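Next up: just one chain, as structure tokens, the form predicted alone.
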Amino acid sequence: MNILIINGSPRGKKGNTEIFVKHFALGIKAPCEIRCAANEGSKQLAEYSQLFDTVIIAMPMYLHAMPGIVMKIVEHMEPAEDGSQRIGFIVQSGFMESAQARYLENYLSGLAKQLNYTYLGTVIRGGSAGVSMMPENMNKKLFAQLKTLGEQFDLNGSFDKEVIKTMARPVNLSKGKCRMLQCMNRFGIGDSMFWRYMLKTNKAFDKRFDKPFRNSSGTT
């Protein structure tokens, strides 16, 4: 088994996806190469992937969809002639509940079929928006799960179903959790605090109510 792991984050090595890839790869002993989509041509990377029997594409999820650079890669990928190649995906997102990624997961399983690749499954991890900003000790559990995922993949050539289930929790938010989050937002804490911080860091806070696609007549 020779493995190509593609970091499909537009942020390249500076994003959360790079952290996921790094700790997943720690558990793999088989020949494994990591490439960063943000630093390479999509067509060249798609052609290069044909040299490997196993391809893992890791990516962030943006509003239930894959990043554009990942879409460009898969658009250039040619169907496997003999069906011997395999493909799997690791998706991380800011949504707390993994159910938000099910639409993307359905697309990815269909994509594998179109490419005549054996579908290895999709690993989903929600609540990951702040991973790169957290102290390492706060990510110990996640890092251990990713390494175990890599070790089991190295051993069995597939994603471990129990690890996938564990990483996907919570699948849905309970009513109590939703009420708690609504209450936190009213007091300006929780996700709203994080997004205010991000807006200010990127000098966009004063433009947060802008409507760039609204024309002079008031329609979009």
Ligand SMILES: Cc1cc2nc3c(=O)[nH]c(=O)nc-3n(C[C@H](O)[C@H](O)[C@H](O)COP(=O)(O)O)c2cc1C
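In this text, residue numbers run from 1 along the sequence as written. Keep in mind it's a predicted model, so treat the numbers as computed, not measured.
There is another form of the same protein, the form predicted together with this ligand; it is not shown, and what comes next is about it.
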- What stretch, of 39-47, 148-156, 54-62, 162-170, brings heavy atoms to within 4.5 Å of this ligand in the model of the complex? 54-62
- Quick one: does T122 come within 4.5 Å of this ligand in the model of the complex, counting heavy atoms only? no
- Query: Can any non-hydrogen atom of Y117 be found within 4.5 angstroms of this ligand in the model of the complex?
  - Reply: no
- Item | Proximity of R11 to this ligand in the model of the complex, heavy atoms at 4.5 Å | yes
- Find out whether any non-hydrogen atom of A99 is located within 4.5 angstroms of this ligand in the model of the complex, and reply yes or no. no
- Within 127-147, which residues come within 4.5 Å of this ligand in the model of the complex, counting heavy atoms only? S128, A129
